[in-house]
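For reference, the chain that follows is the form predicted on its own, supplied as structure tokens.
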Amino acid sequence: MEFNQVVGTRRSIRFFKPWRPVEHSKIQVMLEAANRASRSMNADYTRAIVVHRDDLSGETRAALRNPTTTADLDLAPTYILWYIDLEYINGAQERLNELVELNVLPPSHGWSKAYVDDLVWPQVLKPIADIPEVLMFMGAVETGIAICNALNAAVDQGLGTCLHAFTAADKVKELLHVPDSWIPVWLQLVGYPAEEPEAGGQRPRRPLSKLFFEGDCTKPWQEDPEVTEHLKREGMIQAPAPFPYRAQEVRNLSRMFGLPE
């Protein structure tokens, strides 16, 4: 699938084929996509635990339930539990020096090992570890970028996926032996969609001019109609929800799985 189509086709899928497992290879592609995401300092912010529904104890599955994640857990065959590892700052100095050696951080931009050791590390990066809010904020941003890559990699392989609130973290931590430095971010459900991949149409989004600006905040971004039409042809902008048959699709799926209508 082309990139624009992947971005446009991504949906929060909530009806999965519970009988069809997700291949190990496809999960590996998702994890590799997350691993290749942009990351400041080349630091290892992100951690994930891949678990399969039918391998989990009833106690663990019950701990993962919350008001918005009930039937989804029963239908999705695979879960990915995403975390920030707050120890990501450890080793940052060495990783930056490695990037200097690789000429990723070039001398043309002022980088050198001395610059890393004498200025960047002691004056910029090391203090981050002493400011919990900054440590958490950076970790959340960088982990979110990695998760976004994993979402798109799932769609590219014909999988359905959705992010859910991660609750009962303490109980899950105990059951899955999660280290103290790992902070839960999102629970990602993965499987083959039982609903149409379009899931009733593309979700509503506000115009670019409402969200983005050029020059300063008094000048809304002006969309080029030709670019908009190009993105429609490429599949990034797709037919909006609701499709005419969406209500019937949801009713039929609910009946098939014995869920409330």
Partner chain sequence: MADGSGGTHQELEESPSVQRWLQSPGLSSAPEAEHAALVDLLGGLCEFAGKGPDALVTECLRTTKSGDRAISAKGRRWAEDTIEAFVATKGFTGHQAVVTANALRGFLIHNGIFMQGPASIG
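Residue numbers count along the first chain shown, from 1. Keep in mind that this is a model prediction, so the values were computed, not measured.
What comes next is about the form predicted in complex with its partner chain, which is not displayed.
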If contact means any heavy atom within 4.5 Å, which of 126 to 134, 107 to 115, 68 to 76, 145 to 153 contacts its partner chain in the model of the complex? 68 to 76
Since the partner isn't included here, can you check whether its partner chain sits close to all of Arg11, Trp186 and Glu196 in the model of the complex (heavy atom within 4.5 Å for each)? no
Heavy atoms within 4.5 Å of its partner chain in the model of the complex: does Arg20 have any? no
Residue contact check: His24 to its partner chain in the model of the complex, 4.5 Å heavy atom: no
Leu259: heavy atom within 4.5 Å of its partner chain in the model of the complex? yes
Applying a 4.5 Å heavy atom distance criterion, does Arg53 contact its partner chain in the model of the complex? yes
